[in-house]
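Encoded as structure tokens, the following chain is the form predicted alone, with no partner shown.
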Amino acid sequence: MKKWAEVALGVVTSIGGFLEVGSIATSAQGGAEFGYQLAWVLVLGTMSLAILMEMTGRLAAVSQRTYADLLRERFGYRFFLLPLVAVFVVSLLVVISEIGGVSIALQIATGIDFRWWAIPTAIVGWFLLWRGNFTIVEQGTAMLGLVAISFAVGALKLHPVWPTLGRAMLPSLPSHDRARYWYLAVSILGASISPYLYLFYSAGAIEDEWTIEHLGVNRVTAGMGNVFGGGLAIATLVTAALVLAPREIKVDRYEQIALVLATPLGRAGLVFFIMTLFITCFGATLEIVLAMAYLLAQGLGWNWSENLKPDKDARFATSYSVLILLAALPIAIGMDPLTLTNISMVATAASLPVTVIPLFVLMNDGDLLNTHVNGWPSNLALVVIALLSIVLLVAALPLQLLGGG
């Protein structure tokens, strides 16, 4: 019974934590400009993330080491600097975007300019990290984030054309503006397969004291949680396709995205949008800052755990304290959150090879995983994801210039 409770909690946490500023923005832009056509990209991103999370969770549960820790140990410190710098830089861009999302939600709710909310958001987030524990960060904000289900309710009330949506789940070529289409495809993949997600998941397995007995919990959490979470992202795309596309509204401000819920759900839809943007972005802010602090601590051999008092892992606590306040500054001086979100999602997609390719080596290391190494289906899936990550690396900058401006 306890194991099933852990499965249910893990799935709910994954659903509530999947949708955040990147997924909301890129899915809405995709639906507004191309209707259902980019739904297949969300399916691909969701499946890829589920596979990567299952593997990094299995790696942590069996070896009792995080993925970042094993990267440094097995590949050496010099190699580790590459993923450390790449993931650190793109994660910093993403956490700035998340603070921007929180600030925009508060601006819509109060009318006070978003710039004034950045520093208070960072301070409240820092206080929760400083005084709270891993359960609060992982489960608390994610449970509240279930308000994002309102996107699914909105999509159903708009009565999508199901056969057309079903066909859009398969890859297709753009009907117009190819550069913009592929740019948004890369952005959506960056939002769906952010490295911080599986690095945080790996560290979380250690924080939650997973063992080999939790491998079943890991599979269901990574699989079902991401499937349902990806479904919410598809619902966001569908609502944008049905509300914004007919009006020829291209999303260049977060306030425009509020229409996708306000149209089918009325005033309540606006409230749900504000709550969803605020809660999911705030939760993601905490997770990304922790993921960055985990990466530094595990890579440099520091003591670390969100479940420890700050004086027991001072360098770890100092890292997340500095990072969350630093991330608030660009928003406080007026940097546009949506523009930064789009840039950070493309940069995230470009950074994937440095964390995806080494995983293939570790997941086939019998000394680490014993009988739990990858089988050929898992290896095939990981090779496909690795090749996809290389394509994204090569295509990211040209598409940013041609399709993103």
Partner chain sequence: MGALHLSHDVIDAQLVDRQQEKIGRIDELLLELEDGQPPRVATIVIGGVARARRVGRWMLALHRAVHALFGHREEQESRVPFDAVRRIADTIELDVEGDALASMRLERWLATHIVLRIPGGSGERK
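Keep in mind that what you see is a predicted model, and the values were worked out from it rather than measured. Positions refer to the first chain, counted from 1.
Absent from the display: the form predicted together with the partner chain. The rest refers to it.
Check your understanding: Taking the partner chain in the predicted complex as the reference, which of Tyr320, Tyr196, Tyr183, Phe278 has a non-hydrogen atom within 4.5 Å?
Key -> Looking at the other structure, the residue within range turns out to be Tyr320.
Review point. From the list Lys157, Arg167, Lys312, Arg178, which entry has a heavy atom within 4.5 Å of the partner chain in the predicted complex?
Key: Only one listed residue qualifies here, and that residue is Lys312.
Exercise for review: Tell me the stretch among 226-234, 170-178, 113-121, 68-76 that has any heavy atom within 4.5 angstroms of the partner chain in the predicted complex.
Suggested key: Looking at the other structure, the answer is 68-76.
Check your understanding: Thinking of Phe34, Tyr36 and Trp162 as the candidate spot, does the partner chain come within 4.5 Å of a heavy atom on all of them in the predicted complex?
Key -> The answer is no: none of the three residues contacts the partner (heavy atom, 4.5 Å cut-off).
Review point. Taking heavy atoms only, is Gln298 within 4.5 angstroms of the partner chain in the predicted complex?
Key: Taking the distances in the predicted complex, the answer for Gln298 is yes, it comes within 4.5 Å of the partner chain.
Practice item. Mark Pro246 yes when one of its heavy atoms lies within 4.5 Å of a heavy atom of the partner chain in the predicted complex, and no otherwise. Key: Looking in the predicted complex, residue contacts with the partner chain do not include Pro246, since no heavy atom lies within 4.5 Å.
Exercise for review: Spell out, yes or no, whether the shortest heavy atom distance between Leu129 and the partner chain in the predicted complex is within 4.5 Å.
Suggested key: Residue-level check for Leu129: yes, a contact with the partner chain.
Check your understanding: Taking heavy atoms only, is Trp302 within 4.5 angstroms of the partner chain in the predicted complex?
Key -> The answer is yes: Trp302 has a heavy atom within 4.5 Å of the partner chain.
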